[in-house]
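Below you will find one chain, with nothing else, as structure tokens; this is the form predicted alone, and questions on how it binds or moves follow later.
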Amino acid sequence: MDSLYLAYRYITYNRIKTVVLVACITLIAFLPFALQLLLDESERQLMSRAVSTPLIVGAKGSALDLVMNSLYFGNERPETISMEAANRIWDSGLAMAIPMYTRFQARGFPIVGTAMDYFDFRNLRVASGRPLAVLGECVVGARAAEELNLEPGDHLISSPESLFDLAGVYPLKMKVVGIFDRTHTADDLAVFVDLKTAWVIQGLGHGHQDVIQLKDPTLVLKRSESNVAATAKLYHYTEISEKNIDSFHFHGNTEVYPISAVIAVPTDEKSGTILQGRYLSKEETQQILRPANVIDGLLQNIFRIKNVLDAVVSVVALATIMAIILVFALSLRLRQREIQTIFKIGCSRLTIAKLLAAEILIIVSSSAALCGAMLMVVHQFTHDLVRMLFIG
């Protein structure tokens, strides 16, 4: 106890040196453990959502981009496919097809166009308000609603893809009709609409004044008995309401309209295998993926990077330990008169060793306590950190 008291008085007197030593030891101990916590949580989050999604069909290209866009609504944009891809799966009778169209954003949050089957598939339940019912409505994830301060009855405007949109696609003012329960997944950060609403945002569907009733000659380009062609001056609605919803329509065949991907949910394992076999030909323009395999490959790459980081941390740790040894060695040189005084009052070399050991014990214990506290904080917020750093 006497040695600990003397060591405590010494390190409190030399505060700056003590703080530097504690900080160095704490960081070296904290980094590998914190990194492991983040990687474990990222693996859990990524794999849980990937495993629960049997198959994804999309355009041939980057498998990772397709999976990240379909599962986590990332900024990666895979090549689009058409609605025919979903109909093809339905017609096979082997799986349920859930089309997805993730391209647009609203105030920084992804707008996900999909079918009602998606909400049952992900077990999404409306906490307040009601589900989607008509064109132009949206249901918002819990986290997005919280950050945007949205409630049922509010409105949310889609963000333009560029400042100058030469295609004439205008932002759509959507009515928020519901807020989903928190699921602690990517769904919490999404704004859900039906596919037709997503196509309206893209400009594939629109509503405008009744061209037959037009009386302003500047709005009519050509008029005949069977057709009326309007000019670009014709006003296009940017909000779908009860008054104008009947004017909204789509030109052409909606089966060739774009989607990002299709989630295929086979009726059984055999049906899933048969369905995968139908996408193996060289002439096939689409690919079918098991998200769990793609994410597993991503995690293997992450762990390879972790091995490199572990090696770097080990080298830095070794250098830090050598620096700490050097600090103590120099400290002994500077404390020669103090040590001689201790000898003169009758203390042995063992007493000197006890004093030094007590100093090291106090510094290491302080570092361990601080490191433990920091790891507890990281563990408490691991989920949010992983969402921010790894999934986005």
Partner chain sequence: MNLLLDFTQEISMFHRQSLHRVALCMAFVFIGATASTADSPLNIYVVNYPLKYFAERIGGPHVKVTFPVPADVDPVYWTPEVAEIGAYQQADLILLNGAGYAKWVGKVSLPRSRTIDTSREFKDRYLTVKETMTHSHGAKGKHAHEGPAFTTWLDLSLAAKQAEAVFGALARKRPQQKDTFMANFLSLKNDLLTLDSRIKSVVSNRNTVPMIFSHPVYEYLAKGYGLNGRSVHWEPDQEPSPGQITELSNVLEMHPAQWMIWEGPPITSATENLKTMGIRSAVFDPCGNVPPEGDFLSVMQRNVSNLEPIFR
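Bear in mind the structure is a predicted one, so any value in this text is a computation, not a measurement. Numbering follows the first chain given and starts at 1.
Heads up, the form predicted together with the partner chain isn't pictured, but that's what we're talking about next.
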Handout entry: Heavy atom contact within 4.5 Å of the partner chain in the predicted bound form, the stretch among 258 to 266, 241 to 249, 101 to 109, 315 to 323
Key = 241 to 249
Problem - Distance check, residue 122 to the partner chain in the predicted bound form, heavy atom within 4.5 Å - result: no
Practice task
Tell me, yes or no, whether residue 196 is in contact with the partner chain in the predicted bound form, where a contact means a heavy atom of each within 4.5 Å.
Solution key: yes
Handout entry: 4.5 Å heavy atom contact, residue 91 to the partner chain in the predicted bound form
Key = yes
Handout entry: Exercise: residue 308 in contact with the partner chain in the predicted bound form, heavy atom 4.5 Å
Key = no
Completion exercise
In this chain shown alone, the residue from 116, 127, 157, 274 with a heavy atom within 4.5 Å of the partner chain in the predicted bound form is 116
Problem - Contact residue in the predicted bound form, from 288, 148, 299, 96 (heavy atom within 4.5 Å of the partner chain) - result: 96
